[in-house]
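As structure tokens, one chain now follows by itself in the form predicted on its own.
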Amino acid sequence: MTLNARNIFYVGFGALALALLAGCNKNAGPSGSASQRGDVLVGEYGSLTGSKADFGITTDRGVQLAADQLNESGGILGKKVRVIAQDDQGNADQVATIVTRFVTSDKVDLVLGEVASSLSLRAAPICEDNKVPMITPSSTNPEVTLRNGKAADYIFRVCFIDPFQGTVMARFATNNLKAKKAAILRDKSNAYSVGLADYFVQEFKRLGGTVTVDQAYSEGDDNFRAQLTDIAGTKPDIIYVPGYYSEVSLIAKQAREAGITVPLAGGDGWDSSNLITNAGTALEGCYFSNHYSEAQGGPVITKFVSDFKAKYKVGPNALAALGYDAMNIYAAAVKTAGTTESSKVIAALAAVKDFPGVTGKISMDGNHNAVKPAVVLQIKGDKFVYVTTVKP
């Protein structure tokens, strides 16, 4: 089924579900409605179209694979898992509309999303206010799981957070690449990019490095020549660009056109096959931090990769692995709780320790962040090649 056809299916399914639930469960809460339906309903929101569609599509594939496997093995507590995936088009207003419908009309048991931190930040308060668990697969901004500076009761993530990821690359640049001077080019419109840049700068300076210049752009920009001219004048050893693949590929091409030859480095927002397709050879030899690599091996990764390729005929990236882990860690929490009742499920999620995920053994810290290692990958040809693992 093509993506467009699939979206049409989801929209139609969602409308049907709304109509049925409106007629049958007007007064039921989230856990009560699940009990009456006899299934476990998951509302997934993500960018299935638009400039960041690669993130949403691959995450959705990981979620769907996990849901299919759960159903093949008898479901969760004997209940079938149903996933309603909605396209938010990378738009914060769409996120608010979709997630509000999930928790007030669809009466979902779990909200799953988003990749982009800025969009998860929009959804999290809605889920918290309505006491519906939300798990973000890959939003790394620390604020996503917090409310008034403390852990929000209902919000969790299965990825590491920006302070760790930014720190990892600062240490890698210093210790492995022997960089003394770094230039920064951040997406000022994106909480994820700003967070990674801030933590990279903090750690790089702590290690004795110098930040030669800190430049900015905004999502959707396509001309970075002015910023790159300024950066070239400071002669850095490395340029840290913690943006998303769509802008990073353009930045890399324009950097090489400007005569800049030093490595670029970034974060998990680079993890898309379209990064290399669009950049050509401009990112050859460059580095980024990520959540896992097939090269790490082990039975959990090997089985996931094999199953994913069998279903979709392509290999999974880290976002697919995180979507898979998010679905499965929720299932494990429900089994531990013995119920889909949200107050008991969140207690089980908060107590997760050493869950065997594809992206590593996952334990929740006091702010509902997954604590686990990061990997550093290098771009060689059309491959992301494993370089090293960095533990928390």
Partner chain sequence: MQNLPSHLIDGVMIGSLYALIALGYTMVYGVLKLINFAHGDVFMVGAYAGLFAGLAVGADADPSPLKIAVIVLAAVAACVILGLLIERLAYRPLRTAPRLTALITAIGISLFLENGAQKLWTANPRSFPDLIPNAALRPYIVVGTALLLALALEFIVKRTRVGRAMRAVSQDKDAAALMGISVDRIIAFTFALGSALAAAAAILYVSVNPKITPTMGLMLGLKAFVAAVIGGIGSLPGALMGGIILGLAEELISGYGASSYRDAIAFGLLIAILIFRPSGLLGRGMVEKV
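Everything numeric here is computed off the predicted structure, so don't read it as measured data. Residue numbers count along the first chain shown, from 1.
What follows is about the form predicted together with its partner chain, which we do not show.
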Select from the listed residues Asp230, Glu284, Asp129, Asp93 the one whose heavy atoms reach within 4.5 Å of its partner chain in the predicted complex.
Asp230
Considering Gln254, Ser105, Ser118, Ser293, which brings a non-hydrogen atom within 4.5 Å of its partner chain in the predicted complex?
Gln254
Only one of 61 to 69, 321 to 329, 43 to 51, 340 to 348 has residues with a heavy atom within 4.5 Å of its partner chain in the predicted complex, and that stretch is 43 to 51
Identify whether its partner chain in the predicted complex is within 4.5 Å of every residue in the set Ala216, Ala226 and Ser246, based on non-hydrogen atoms.
yes
Residue-level contact is defined here as any heavy atom of the residue lying within 4.5 Å of its partner chain in the predicted complex; does Asn278 satisfy this criterion?
yes
Close approach of Asn176 to its partner chain in the predicted complex, 4.5 Å, heavy atom
no
Given that its partner chain is not shown alongside this chain, does Lys80 nevertheless sit within 4.5 Å of it in the predicted complex, heavy atom to heavy atom?
no
Answer for Gly298 alone: is it within 4.5 Å of its partner chain in the predicted complex, judged on heavy atom distances?
no
Residue by residue through 162 to 198, tell me which have a non-hydrogen atom within 4.5 angstroms of its partner chain in the predicted complex.
Lys188
